[in-house]
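This document opens with one chain alone, in structure tokens, the form predicted on its own.
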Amino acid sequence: MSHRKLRMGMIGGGPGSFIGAVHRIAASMDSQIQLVAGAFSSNPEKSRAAGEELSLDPSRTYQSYDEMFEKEKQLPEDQRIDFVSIVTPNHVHFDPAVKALQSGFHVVLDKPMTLTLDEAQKLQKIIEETGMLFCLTHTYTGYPMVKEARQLIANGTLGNIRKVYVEYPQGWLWKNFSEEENKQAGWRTDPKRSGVAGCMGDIGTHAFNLAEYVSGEKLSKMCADLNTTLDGRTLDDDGIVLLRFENGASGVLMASQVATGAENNLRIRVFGDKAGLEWQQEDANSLIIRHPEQPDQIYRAGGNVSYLSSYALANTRTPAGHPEGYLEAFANHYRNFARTLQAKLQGTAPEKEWLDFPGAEDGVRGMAFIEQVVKSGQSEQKWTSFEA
């Protein structure tokens, strides 16, 4: 392994951004990545201020991402950025991602992948054509016990999967906020910046991604009931989706941003014909396995826990009993991406555990879910076929 750090440029993540800081913490956690450049805001003054606050070389704080790609390409190979992290609102995902890939820079992109399914499919094609590395930060599949759940199901511990319940209740949009009160609420409830879905686009996609990732099953059709609870709001802020998977399993997905008082307790339960399991973010270090006619088993995360799979252990930093959470899960995607990119740069084969980060297929399926869940919600027909 090379000892040099990968050089990262960031697009977005300036003043008022929540997710930009999360990405920077996650990227820096394992000392494999260094932020060296950025175009942090569409407002050049705000971008300059962000660069100063992050102690960047002023000559590498850019007024636009177009300028960043142009000038970084001209730098010597041992100085220019290796990849970009794009942390802008949804409507500014496609263009910078395409330009980065075509400029020879690998891409880490915040979810959802794009504003529309059409854009996502075009972006996937460009990723394949350029051969560049691409990571989509579906945070929650980075948790070690989520990876353990996936491995247990893949190994047949639960038998044939029959039922998947996944829920993501939040309460932060319980009232109408002005843009000044809450910048996040401003753009996330605006169709021009967020896309055709609100709650389902923001957190429903996380629940959908988690359901497919953990169960190993692909969605085949859905029946959605979406709600817009508050007057004056254009996009959905709540919904329930009945799921049918290709293997015949059924499921229920619930996502809400008007579950007043709720925080972020994403939860999944999967049941097979041999056993069931349950994981929730509020106790992220625990995975419960339920066998009939036996007491429950509780698997616990920890770098020294011998019974865990290599995938769980590869994504754990601390001994058992020390809680790891959201930031570490986020960092796992960055670390796996970085390790894979280091291997690619050196012409060596990455470990199979490193390749376990979300990519273009997850992005396209996520955008297909967003568009088709809205279509299903507007339809009187019970089932809508799922195609990605």
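Numbering starts at 1 and runs along the sequence shown. Treat the numbers as computed from the prediction; the structure is a model and nothing was measured.
The form predicted in complex with another copy of the chain exists for this protein as well; it is not shown, and the discussion that follows is about that form.
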With the partner removed from view, which of 110 to 118, 81 to 89, 257 to 265, 129 to 137 is the stretch that lies within 4.5 Å of another copy of the chain in the predicted complex, judged by heavy atom distances? 257 to 265
Judged by heavy atoms and a 4.5 Å cut-off, are Asp66, Gly232 and Glu353 together in contact with another copy of the chain in the predicted complex? no
Which of these residues, Thr318, Gln102, Ser310, Asn247, gets a heavy atom within 4.5 Å of another copy of the chain in the predicted complex? Thr318
Does any part of Gln294 reach within 4.5 Å of another copy of the chain in the predicted complex? Heavy atoms only, please. yes
Pro323 within 4.5 Å of another copy of the chain in the predicted complex, heavy atoms: yes
Using 4.5 Å between non-hydrogen atoms, is Gly272 touching another copy of the chain in the predicted complex? yes
Gln346: heavy atom within 4.5 Å of another copy of the chain in the predicted complex? no
